[in-house]
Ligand code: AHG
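The chain that follows stands alone, in the form predicted alone, written as structure tokens.
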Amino acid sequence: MGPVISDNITLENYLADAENASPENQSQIAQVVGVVGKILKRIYKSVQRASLAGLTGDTGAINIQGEEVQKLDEFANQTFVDVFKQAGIIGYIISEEMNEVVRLDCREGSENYLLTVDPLDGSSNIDVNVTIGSIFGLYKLDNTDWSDIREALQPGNKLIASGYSLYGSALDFVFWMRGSTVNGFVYDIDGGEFILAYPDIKIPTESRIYSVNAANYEFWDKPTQKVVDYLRTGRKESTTRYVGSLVADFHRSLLKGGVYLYPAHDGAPCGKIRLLYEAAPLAKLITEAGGGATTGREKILDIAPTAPHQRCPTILGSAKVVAEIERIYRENN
């Protein structure tokens, strides 16, 4: 699908209308999405100037994932924390870049909200100017009286908002929030506003495009190999497109149809994608857009997290293709 630009609908106006027209607590959700939008503008500006501002390369630190922390990773993470601290509208943040959950000072009534975030997805591509982005999810906690963060973790079907951004030739912000549809906004640099460009996104039900790192083929189990064999040769005019940046591959799949896969393999028995702040938010968004989200063996949105940085095999895409993949896994399990 191509953009349908409406100069009259800015992100600010859209969120204001959502607050007025939607049920209880929608105001809080809209405020969080609005703050995320402000953060994305800051990060995008730094991404554009990264090479000139000394923000490329790694910091020398290793995060909880065992990955090198890029300078822009650190900047993006700190931006999320600092801006939400100042906003005072959520109680907790779980981030890819932080070992533990961060508790924020917030106003009364906001302490029951948890934001999960991958501040800069695809950061290994920063130095070569490949599209990267941010991913977020928002949960309403039942209470804050828990002795262990694991007691607060919820499956993706409990999300009340989720979305992602792309820092590429343009800044795109695609999100869903409870009571609404999936919508995509594009940042107008001259006007300084996000403009609605992709209203009510619906993923095509079927597509010949698939995105997977085929170099892992020999390390996959037999059912996964059969799935990829089907995607490659079991359909006419199949084609592969793989950027290696989750948000970039996901965005193409959402708009043009297709499927993104990061299955488990010998070196990553639980897959690579983190459940709370990557797989679940994108699974919720694509499901709301009419697509499917699975590990191959269970629905991603039904997985009850047991740890903040838990991983899961991830398959996201057009509904018919995902259903066929699930059938292959069932028959070859």
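One rule holds for the numbers: they count along the sequence shown, beginning at 1. The structure presented is a predicted model; accordingly, all values stated were derived computationally and were not measured.
One more form of this protein, predicted together with the named molecule, exists but is not displayed; see below.
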Report whether all of 136, 172 and 287 sit within 4.5 Å of the named molecule in the model of the complex, measuring from non-hydrogen atoms. no
Looking at 79-87, 230-238, 197-205, 115-123, which stretch has residues with any non-hydrogen atom within 4.5 Å of the named molecule in the model of the complex? 115-123
Within 4.5 Å, heavy atoms only: does residue 176 come near the named molecule in the model of the complex? no
Can you check whether residue 244 is within 4.5 Å of the named molecule in the model of the complex, heavy atom basis? yes
Spell out, yes or no, whether the shortest heavy atom distance between residue 262 and the named molecule in the model of the complex is within 4.5 Å. yes
Taking 4.5 angstroms as the cut-off for heavy atoms, does residue 275 touch the named molecule in the model of the complex? no
Only hit among 143, 181, 213, 129 for heavy atom within 4.5 Å of the named molecule in the model of the complex is 213
